[in-house]
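The chain that follows stands alone, in the form predicted alone, written as structure tokens.
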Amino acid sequence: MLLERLREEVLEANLELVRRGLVLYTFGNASGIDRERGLVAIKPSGVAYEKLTPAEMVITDLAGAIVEGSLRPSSDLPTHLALYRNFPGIGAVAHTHSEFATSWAQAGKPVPCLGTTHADYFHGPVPVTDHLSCAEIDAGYEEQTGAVICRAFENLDPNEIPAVLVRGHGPFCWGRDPAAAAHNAVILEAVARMAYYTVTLAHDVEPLPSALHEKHFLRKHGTTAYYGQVSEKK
């Protein structure tokens, strides 16, 4: 069986999304990539999470051709593949329809950075994409979803803002590995919820001051980061 460890990591990331309440039924998916082989492991389409095993993860190449697996891959595979092709620093993708992040996506509004919890993980607001045009939807909806995400990052670093809101759809998150992608999806939902409550309490609230935003992000992710232990991956 190809990529046994990656299959296990991708399965665990999918199950983590369920455990954290980010996924209902079969809504959502996670994948991971072996960059050396150019192969992706992804959840099969429409299979109940409680029935999934590592062997049921579908292996594809970066063109979407199935290399190993008897099940159909997630219908969002072309979106994942577009992100892998355009964001070379990422190793995994997680997609959910989590309640608060999806609410911001449906409103067509980025998640603003209003506090240090957000600043610890995202070096700026979490952006929202444009709507897909009718032509883009007809030309290959899932692949064009990846394209519209990539356009949203033309002037942003996907390694510093590991998440996006697809307008009218929901969030996609990514990370260095499947566990990190799932972790970022959980954090995104938390900061989206806090931002919603904050703007409900104070609709004219100002963003977190830039100096404080920079301090919190860089102490965890910068070249002189000092958060956590030396042996830990930042």
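On a predicted model such as this, the values are computed, not experimentally measured, just so you know. The first residue of the shown sequence is 1; numbering continues from there.
Keep in mind that the form predicted together with another copy of the chain is not shown, yet the notes after this line are about it.
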query	finding
Contact flag, Leu201 vs another copy of the chain in the model of the complex, heavy atom cut 4.5 Å	yes
Touches another copy of the chain in the model of the complex: Gly115 (any heavy atom, 4.5 Å)	yes
4.5 Å heavy atom contact, Leu39 and another copy of the chain in the model of the complex	no
Proximity of Gly69 to another copy of the chain in the model of the complex, heavy atoms at 4.5 Å	no
Stretch 188-206 - residues with a heavy atom within 4.5 Å of another copy of the chain in the model of the complex	Ala190, Arg193, Met194, Ala195, Tyr196, Tyr197, Thr198, Val199, Thr200, Leu201, Ala202, Val205
